[in-house]
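The chain below stands alone and is given in structure tokens; this is the form predicted on its own.
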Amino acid sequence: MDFDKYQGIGNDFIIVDAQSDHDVSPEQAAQLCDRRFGIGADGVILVLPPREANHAARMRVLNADGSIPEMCGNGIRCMALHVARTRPAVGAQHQVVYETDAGPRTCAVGLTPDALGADVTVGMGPVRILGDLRLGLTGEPSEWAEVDLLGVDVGNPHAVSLRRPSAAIIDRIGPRLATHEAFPEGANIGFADVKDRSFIDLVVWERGVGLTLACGTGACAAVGAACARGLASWGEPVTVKLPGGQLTIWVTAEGGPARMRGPARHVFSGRVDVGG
């Protein structure tokens, strides 16, 4: 199987041009993403024929554990770059619409001079604030006996804490929160440190992946949560610093659409043997 490897501020993906949702199985995706026995990645993205004639392509994401999320913000930037590089007549247009399981997403790609990277702006769809979540976690430090989270829907499920615990606590409670019974399909858990109204330092425990270098939908969720709490302003750009780099996020209003701008980069191309 031919593939291309891309990364968006450290969130890395194996991208495969495919014809069917089943061209890569969940088991194969987990094998390919293994960083010791496979290629190594946070997920596999299948670039599929669109269902609507006026759309460029359809995105299907398989996480490193084989699970299938509705949407991936860094992933769609990487996919938009891939289409712009391999199908420039389509992907390099000013506004290109891609289908995702969370709905259509519009991308604008500004290629770098070497055509290996791009600055990509994505219309991320609505950011819906779902309200406070009080999730009891026993056996943790007293200040985290109940974790104060705000539920946010960005086309996929998020819960955002606007206070940032230590890395050791995040390692302990991240996987427990992401698989908590309050989230039947799992959730991405963001831990945000709001430095000021225009800057957020964020780490995300991503369902199906773990602690990740970057999460685009998580950045949108964090900005939405900060705006809902009065710590940032609706419609104003907010820089979100993640371990792998920075994104710029705008959330127009509560329940309104978000826009994300950030880089994507081609890493290498190859061919891999895929087991059954």
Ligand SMILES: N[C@H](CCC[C@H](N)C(=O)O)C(=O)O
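What you are looking at is a predicted structure, and each value in this text was computed from that prediction instead of being measured. Residues carry their position along the shown sequence, with the first being 1.
Keep in mind that the form predicted in complex with the ligand is missing from the display, and what follows is about it.
Annotated contact segment (heavy atom within 4.5 Å of the ligand in the predicted bound form): 64-72, selected among 22-30, 47-55, 224-232, 64-72.
The closest heavy atom approach of residue 240 to the ligand in the predicted bound form falls outside 4.5 Å. Within this chain, residue 209 lines the site of the ligand in the predicted bound form, having a heavy atom no more than 4.5 Å away. Residue contact check for residue 215: one or more of its heavy atoms lie within 4.5 Å of the ligand in the predicted bound form.
Within 4.5 angstroms of the ligand in the predicted bound form, the stretch 162-195 places a non-hydrogen atom from 188 alone.
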